[in-house]
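In structure tokens, the next block holds one chain alone, the form predicted on its own.
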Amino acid sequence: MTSPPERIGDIPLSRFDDYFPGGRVYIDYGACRVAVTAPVAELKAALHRVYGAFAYLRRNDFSDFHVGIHSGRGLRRWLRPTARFSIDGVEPFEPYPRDSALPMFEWGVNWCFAQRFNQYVLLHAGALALGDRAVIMAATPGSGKSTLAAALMLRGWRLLSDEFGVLDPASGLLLPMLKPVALKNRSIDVIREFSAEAVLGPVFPETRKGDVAHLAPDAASADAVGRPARPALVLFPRYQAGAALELLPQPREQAFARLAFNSFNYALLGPVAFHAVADLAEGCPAYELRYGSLDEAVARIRTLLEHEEATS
């Protein structure tokens, strides 16, 4: 008798519908679970690859979000085929080309998190851990945050998220919100060249964010989606081509302001977010990290975290 699959990637793509009747896939991101109805063939193949390390869940008694990706209606099913994203039966976006169903799904799920997941403080930050000590990398788009998060994971760090630093205001811990790392434009080739172990999904050219590809989380990160980490270091990374690595210590009040600015729901949560972010800024050393070499940046971040552990 065949053993049941442990991971989504263990399932032959040809038998996707046998294991996910009706195209209903359950994904455990860590801080929440999502049920996605995905009958679109292009999305099935993409999910199989970039979510391959995630646990296969035959069913789920509770999901925080119920979303779907469906084909366009009417003539749109045949002429310039499109895909539609829905949450709880509502379609908040215009249809997207069907062959770009994965980027639409990823952006749609991010939108759901940012708009409706307000029991936690959501920092716009990458989060990774060594053991149970975490580094938070908060930055604006275009800073190289996702590329650096991808490189750290490929060097043995546990990826919690490249997009959402999920801060529990009650405990001060960071919860995983594990998703494929969205790489854009030149970053795709940078990561492909950085590690032969990088599992990349298809490249989607000329999306609204340029060329996009998704790096699959590794098995170690996927297996630890239920394991929080304690913040130990805050970084504000900024990539500059050809630049020498430079660390600039950030005063606590400056770190607080930058973390609050790089938050999806700080204003909405008010005092809860204020105290959570203030405690984070008070408890973690913070640096602006300017870098031009991924290898140098990865090595320096490990040294920083190990130094903080040794002196704490």
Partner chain sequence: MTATRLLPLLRDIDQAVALTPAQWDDTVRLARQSRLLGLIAHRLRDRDDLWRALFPAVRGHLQAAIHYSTHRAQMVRLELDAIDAALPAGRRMVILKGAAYLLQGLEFARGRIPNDVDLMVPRAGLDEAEAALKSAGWESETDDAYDQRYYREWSHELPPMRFPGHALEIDLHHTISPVTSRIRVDDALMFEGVRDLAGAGRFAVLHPCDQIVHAAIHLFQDSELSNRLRDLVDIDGLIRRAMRSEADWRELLSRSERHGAGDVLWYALHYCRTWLGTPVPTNLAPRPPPAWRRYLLDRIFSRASLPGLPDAGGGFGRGLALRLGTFRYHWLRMPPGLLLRHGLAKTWRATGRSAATD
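Think of the rigid core as the biggest set of C-alphas that the two forms share within 1.5 Å after superposition. The shown structure was predicted, so the numbers you read here are calculated from the model rather than taken from an experiment. Numbering follows the first chain given and starts at 1.
Below: the form predicted together with its partner chain, not depicted.
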query: Output flag, 146, 236 and 281 jointly within 4.5 Å of its partner chain in the predicted bound form, heavy atom basis; finding: no
query: Per-stretch contact check against its partner chain in the predicted bound form, the hit in 249-257, 48-56, 263-271, 281-289 (non-hydrogen atom, 4.5 angstroms); finding: 263-271
query: Partner contact for residue 64 in the predicted bound form: its partner chain, 4.5 angstroms, heavy atom; finding: yes
query: Its partner chain contact at residue 302 in the predicted bound form, heavy atom, 4.5 Å; finding: no
query: Partner contact for residue 117 in the predicted bound form: its partner chain, 4.5 angstroms, heavy atom; finding: yes
query: Contact test in the predicted bound form: residue 88 vs its partner chain, heavy atoms, 4.5 Å; finding: yes
query: Did residue 12 shift 2 Å or more between this form and the one not shown, C-alpha, core superposed; finding: no
